[in-house]
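Take a look at this one chain, the form predicted alone, written out in C-alpha coordinates.
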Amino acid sequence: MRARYLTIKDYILDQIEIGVWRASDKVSSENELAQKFSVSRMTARKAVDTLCSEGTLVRSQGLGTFVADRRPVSSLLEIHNIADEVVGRGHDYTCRVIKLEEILTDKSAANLLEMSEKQNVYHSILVHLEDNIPVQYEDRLVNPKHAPDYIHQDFLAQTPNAYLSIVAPLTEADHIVEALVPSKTILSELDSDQPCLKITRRTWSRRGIASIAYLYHPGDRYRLGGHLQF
(Lines give C-alpha, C1' and ligand atoms only; values in the text may rest on other atoms or scores of the structure.)
Protein backbone atom coordinates (compact mmCIF):
# COMPACT_ATOMS: atom_id res chain seq x y z
CA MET A 1 0.00 0.00 0.00
CA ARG A 2 1.33 3.42 -0.96
CA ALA A 3 2.28 5.72 1.92
CA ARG A 4 -0.32 8.47 2.46
CA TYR A 5 2.26 11.23 2.72
CA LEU A 6 3.31 10.53 -0.89
CA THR A 7 -0.21 11.38 -2.05
CA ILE A 8 0.05 14.75 -0.32
CA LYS A 9 3.52 15.28 -1.76
CA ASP A 10 2.24 14.58 -5.30
CA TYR A 11 -0.67 16.97 -4.74
CA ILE A 12 1.68 19.79 -3.74
CA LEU A 13 3.94 19.12 -6.73
CA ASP A 14 0.94 19.11 -9.05
CA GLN A 15 -0.27 22.46 -7.68
CA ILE A 16 3.17 23.92 -8.34
CA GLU A 17 3.53 22.46 -11.83
CA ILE A 18 0.13 23.71 -13.05
CA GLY A 19 0.85 27.17 -11.65
CA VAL A 20 -1.62 27.32 -8.77
CA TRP A 21 1.32 27.91 -6.45
CA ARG A 22 4.27 29.81 -7.91
CA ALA A 23 7.71 30.69 -6.59
CA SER A 24 7.42 32.46 -3.20
CA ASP A 25 3.70 31.61 -2.84
CA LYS A 26 2.53 30.31 0.52
CA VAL A 27 1.22 26.75 0.40
CA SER A 28 -1.53 25.16 2.49
CA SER A 29 -0.69 24.65 6.14
CA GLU A 30 -0.09 21.19 7.58
CA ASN A 31 -3.46 21.38 9.35
CA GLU A 32 -5.22 22.25 6.09
CA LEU A 33 -3.49 19.42 4.26
CA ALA A 34 -4.31 16.97 7.05
CA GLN A 35 -7.99 17.91 6.88
CA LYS A 36 -8.08 17.79 3.08
CA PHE A 37 -6.67 14.25 2.92
CA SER A 38 -8.15 12.97 6.20
CA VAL A 39 -4.77 12.11 7.70
CA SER A 40 -2.90 13.06 10.83
CA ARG A 41 -0.91 16.27 10.99
CA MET A 42 2.21 14.14 11.36
CA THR A 43 1.56 12.58 7.96
CA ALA A 44 1.03 15.99 6.35
CA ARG A 45 4.20 17.25 8.02
CA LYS A 46 6.21 14.36 6.57
CA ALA A 47 5.11 15.34 3.05
CA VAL A 48 6.07 18.97 3.63
CA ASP A 49 9.35 18.05 5.33
CA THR A 50 10.28 15.83 2.38
CA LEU A 51 9.68 18.63 -0.11
CA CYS A 52 11.64 21.06 2.06
CA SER A 53 14.60 18.68 2.18
CA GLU A 54 14.43 18.34 -1.63
CA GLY A 55 14.48 22.13 -2.03
CA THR A 56 10.97 22.46 -3.49
CA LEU A 57 9.52 24.18 -0.42
CA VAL A 58 11.06 26.43 2.20
CA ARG A 59 9.84 27.14 5.75
CA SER A 60 9.79 30.62 7.22
CA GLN A 61 9.56 30.67 11.02
CA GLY A 62 6.26 32.14 12.12
CA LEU A 63 5.07 32.80 8.57
CA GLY A 64 4.47 29.40 7.00
CA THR A 65 5.80 27.30 4.14
CA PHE A 66 6.48 28.71 0.69
CA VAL A 67 7.39 27.50 -2.79
CA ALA A 68 11.15 27.83 -3.20
CA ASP A 69 12.48 30.00 -6.01
CA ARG A 70 14.29 27.43 -8.13
CA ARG A 71 14.49 29.17 -11.49
CA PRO A 72 16.99 27.42 -13.78
CA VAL A 73 20.41 29.04 -14.12
CA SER A 74 22.88 28.18 -16.89
CA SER A 75 26.39 29.55 -16.58
CA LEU A 76 27.14 29.95 -20.27
CA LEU A 77 24.33 28.23 -22.14
CA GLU A 78 20.65 29.05 -22.08
CA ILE A 79 17.95 26.51 -22.84
CA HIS A 80 16.36 27.56 -26.13
CA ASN A 81 13.68 25.96 -28.27
CA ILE A 82 15.35 25.41 -31.65
CA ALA A 83 12.14 26.37 -33.44
CA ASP A 84 12.06 29.73 -31.63
CA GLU A 85 15.72 30.32 -32.49
CA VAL A 86 15.10 29.74 -36.18
CA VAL A 87 11.94 31.84 -36.34
CA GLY A 88 13.67 34.56 -34.31
CA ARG A 89 16.25 34.85 -37.08
CA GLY A 90 13.43 35.41 -39.57
CA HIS A 91 13.80 31.98 -41.19
CA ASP A 92 11.46 29.06 -41.77
CA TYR A 93 11.54 26.17 -39.31
CA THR A 94 10.65 22.58 -40.20
CA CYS A 95 11.63 19.17 -38.87
CA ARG A 96 11.77 15.49 -39.75
CA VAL A 97 10.75 12.83 -37.24
CA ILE A 98 12.99 9.81 -37.74
CA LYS A 99 12.06 7.76 -34.66
CA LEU A 100 9.45 7.90 -31.92
CA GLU A 101 9.45 4.66 -29.98
CA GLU A 102 9.50 2.92 -26.61
CA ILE A 103 12.70 1.08 -25.73
CA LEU A 104 14.40 -0.47 -22.70
CA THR A 105 17.20 1.32 -20.88
CA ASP A 106 20.72 -0.01 -21.20
CA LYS A 107 23.26 0.50 -18.41
CA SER A 108 24.46 3.90 -19.69
CA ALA A 109 20.97 5.36 -20.15
CA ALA A 110 19.81 3.96 -16.82
CA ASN A 111 22.69 5.67 -15.02
CA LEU A 112 22.10 9.01 -16.73
CA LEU A 113 18.36 8.96 -16.06
CA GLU A 114 18.81 7.50 -12.56
CA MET A 115 16.61 4.53 -13.46
CA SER A 116 17.09 0.78 -13.33
CA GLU A 117 18.25 -1.17 -16.35
CA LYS A 118 15.67 -2.64 -18.74
CA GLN A 119 12.97 -0.12 -17.82
CA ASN A 120 10.77 1.43 -20.49
CA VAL A 121 11.79 4.86 -21.75
CA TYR A 122 10.69 6.94 -24.72
CA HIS A 123 13.20 7.51 -27.53
CA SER A 124 12.91 10.15 -30.23
CA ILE A 125 15.18 11.20 -33.07
CA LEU A 126 14.42 14.39 -35.00
CA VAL A 127 16.26 16.55 -37.49
CA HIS A 128 15.58 20.28 -37.22
CA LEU A 129 15.87 22.38 -40.36
CA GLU A 130 16.32 26.09 -41.03
CA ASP A 131 15.14 27.12 -44.50
CA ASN A 132 15.21 23.39 -45.38
CA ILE A 133 18.87 23.05 -44.30
CA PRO A 134 19.51 20.62 -41.40
CA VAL A 135 20.98 22.46 -38.41
CA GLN A 136 20.41 20.01 -35.53
CA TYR A 137 20.12 16.26 -35.09
CA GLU A 138 18.32 15.53 -31.81
CA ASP A 139 18.53 12.11 -30.14
CA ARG A 140 16.48 12.16 -26.91
CA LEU A 141 15.51 9.77 -24.11
CA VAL A 142 12.57 10.68 -21.85
CA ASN A 143 11.47 9.14 -18.57
CA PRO A 144 7.77 8.21 -19.05
CA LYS A 145 7.14 9.01 -15.39
CA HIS A 146 7.56 12.71 -16.17
CA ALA A 147 5.95 12.80 -19.62
CA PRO A 148 3.61 9.80 -19.99
CA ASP A 149 2.09 11.01 -23.27
CA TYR A 150 5.40 11.96 -24.91
CA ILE A 151 5.27 9.12 -27.42
CA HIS A 152 1.84 10.23 -28.69
CA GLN A 153 2.85 13.80 -29.56
CA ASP A 154 3.00 15.33 -33.04
CA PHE A 155 6.51 16.73 -33.10
CA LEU A 156 5.96 18.20 -36.54
CA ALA A 157 3.73 20.72 -34.78
CA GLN A 158 5.65 21.17 -31.51
CA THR A 159 9.25 20.39 -30.62
CA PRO A 160 10.09 17.96 -27.79
CA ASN A 161 11.68 20.86 -25.92
CA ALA A 162 8.46 22.90 -26.09
CA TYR A 163 6.30 19.95 -25.04
CA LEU A 164 8.52 18.99 -22.10
CA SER A 165 8.63 22.59 -20.87
CA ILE A 166 4.86 22.34 -20.41
CA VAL A 167 4.44 18.88 -18.88
CA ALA A 168 7.74 18.70 -16.95
CA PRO A 169 8.84 22.31 -16.36
CA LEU A 170 12.60 22.70 -16.19
CA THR A 171 14.18 23.25 -12.78
CA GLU A 172 17.82 22.61 -13.66
CA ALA A 173 20.05 21.30 -16.41
CA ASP A 174 23.62 20.35 -17.14
CA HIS A 175 25.54 20.47 -20.42
CA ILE A 176 28.59 18.90 -21.96
CA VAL A 177 29.87 20.44 -25.20
CA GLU A 178 32.38 18.68 -27.42
CA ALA A 179 33.61 18.76 -31.01
CA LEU A 180 33.62 15.44 -32.86
CA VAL A 181 32.95 13.61 -36.09
CA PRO A 182 29.66 11.74 -35.55
CA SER A 183 28.53 8.52 -37.19
CA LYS A 184 27.91 8.31 -40.91
CA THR A 185 24.19 7.94 -40.16
CA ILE A 186 24.06 11.27 -38.33
CA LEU A 187 26.16 13.03 -40.99
CA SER A 188 23.86 11.66 -43.67
CA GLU A 189 20.76 12.99 -41.89
CA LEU A 190 22.48 16.37 -41.50
CA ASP A 191 23.54 16.31 -45.17
CA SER A 192 27.06 17.23 -44.04
CA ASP A 193 30.60 15.93 -44.03
CA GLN A 194 31.79 18.43 -41.40
CA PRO A 195 32.75 17.82 -37.75
CA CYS A 196 29.91 18.64 -35.36
CA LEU A 197 29.37 20.39 -32.08
CA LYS A 198 27.68 17.88 -29.80
CA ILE A 199 25.73 19.10 -26.78
CA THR A 200 24.74 16.50 -24.22
CA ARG A 201 21.95 18.05 -22.17
CA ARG A 202 20.32 16.48 -19.13
CA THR A 203 17.27 18.23 -17.67
CA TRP A 204 15.43 17.96 -14.36
CA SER A 205 11.85 18.73 -13.41
CA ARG A 206 10.73 18.90 -9.79
CA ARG A 207 10.22 15.13 -9.72
CA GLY A 208 13.69 14.21 -10.99
CA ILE A 209 15.59 13.74 -14.25
CA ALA A 210 13.09 14.05 -17.09
CA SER A 211 15.21 13.85 -20.21
CA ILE A 212 18.64 13.48 -21.74
CA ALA A 213 19.26 14.82 -25.23
CA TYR A 214 22.21 14.47 -27.58
CA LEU A 215 22.21 17.44 -29.96
CA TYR A 216 24.51 17.44 -33.01
CA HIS A 217 25.16 20.63 -35.01
CA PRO A 218 27.29 20.84 -38.17
CA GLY A 219 30.28 22.99 -37.24
CA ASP A 220 29.96 25.15 -40.36
CA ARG A 221 26.31 26.00 -39.64
CA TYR A 222 26.17 26.58 -35.88
CA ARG A 223 27.96 28.62 -33.24
CA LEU A 224 27.67 28.81 -29.48
CA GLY A 225 27.96 32.17 -27.82
CA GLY A 226 26.99 34.15 -24.78
CA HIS A 227 27.30 37.47 -23.01
CA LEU A 228 28.50 37.77 -19.44
CA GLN A 229 28.04 40.95 -17.43
CA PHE A 230 30.14 41.56 -14.31
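Here, rigid core means the biggest group of C-alpha atoms that superpose within 1.5 Å across both forms. A residue's number is simply how far along the shown sequence it sits, counting from 1. Just so it is clear, the structure is predicted and the values come from calculations on it, not from any experiment.
If you look for the form predicted in complex with the DNA, you will not find it shown, but the lines that follow are about it.
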Original post:
Is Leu63 a contact residue for the DNA in the predicted complex, using a 4.5 Å heavy atom cut-off?
Top reply: yes
Original post:
Applying a 4.5 Å heavy atom distance criterion, does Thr185 contact the DNA in the predicted complex?
Top reply: no
Original post:
Is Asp174 close to the DNA in the predicted complex, meaning a heavy atom pair under 4.5 Å apart or at it?
Top reply: no
Original post:
Taking heavy atoms and a 4.5 Å cut-off, does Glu32 contact the DNA in the predicted complex?
Top reply: yes
Original post:
Counting only non-hydrogen atoms, which stretch in 177 to 185, 158 to 166, 39 to 47, 191 to 199 is within 4.5 Å of the DNA in the predicted complex?
Top reply: 39 to 47
Subject >> Core-aligned CA displacement of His217 at least 2 Å between the shown form and the other one >> reply: no
Original post:
Superposing on the rigid core, does the Cα of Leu63 end up 2 Å or more away between the shown form and the other one?
Top reply: yes
Subject >> Displaced residue check between the shown form and the other one: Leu180, CA, 2 Å or over, core reference >> reply: no
